[in-house]
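Form predicted on its own, single chain, as structure tokens, below.
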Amino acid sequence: MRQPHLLQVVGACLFLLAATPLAWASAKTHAKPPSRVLTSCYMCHSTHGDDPRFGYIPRLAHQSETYITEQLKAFRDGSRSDPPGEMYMWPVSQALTNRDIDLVADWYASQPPPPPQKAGRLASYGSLIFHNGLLKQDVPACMSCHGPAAEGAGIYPRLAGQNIEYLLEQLRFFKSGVRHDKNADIMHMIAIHLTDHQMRAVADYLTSL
């Protein structure tokens, strides 16, 4: 099957960003987290999803509600796979009902954005890649799908303030083809053209937002 050209991918991303309202724009303020967060999710992601201590675990605060919902369902049915996901999220997600998933996603989406972390030494270079891409390497601007401030929308995740170790690990998974999910083919087409140095630069920039 013929893969779409990167320009087609970027065009589709821009359309979706324009057509899809930010998931947290209508997020509700909650007085109390749902029971699944308090009994399960908090152990790795923290109650408010903003804990930077576990670098290989994603910060979920202010993440797109749509993205969290889709990923939890993908873990549950096995359509998202990568080594940490299979080891940890597959077993956890089996116990989640659709209602549980909706409540967890709504909770984390409604939390304030996680505070930025210290910018790495390659952050300036990472900003150039994120906003402009690397045309000679067939790498589109990351902002085409993830938004100019890496805020994400809909199925495209928020990357601003994300843990650097998690960002790097996932980019390497995409590049190697280890990660499989709805967006894996798109990300693989991009990541294969990035060096590890360039992936580190993008991660250094994103974690500082």
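Heads up: residue numbers just count along the shown sequence, starting at 1. These numbers come from a predicted model, not from an experiment.
In what follows, reference is made to the form predicted together with a small molecule, a form of this protein that is not presented.
Site test, 96, 104 and 181 vs the small molecule in the predicted bound form, non-hydrogen atom cutoff 4.5 Å: Affirmative, all three are within 4.5 Å.
4.5 Å heavy atom contact, residue 142 to the small molecule in the predicted bound form: Answer yes; at least one heavy atom of residue 142 falls within 4.5 Å of the small molecule in the predicted bound form.
4.5 angstroms heavy atom contact with the small molecule in the predicted bound form for residue 171: Heavy-atom contact with the small molecule at 4.5 Å: present for residue 171.
So, in the predicted bound form, is residue 84 in contact with the small molecule at a 4.5 angstroms heavy atom limit? Yes - in the predicted bound form, heavy atoms of residue 84 and the small molecule come within 4.5 Å of each other.
Do residue 149 and the small molecule come within 4.5 Å of each other in the predicted bound form, heavy atoms counted? So residue 149 does not count as contacting the small molecule.
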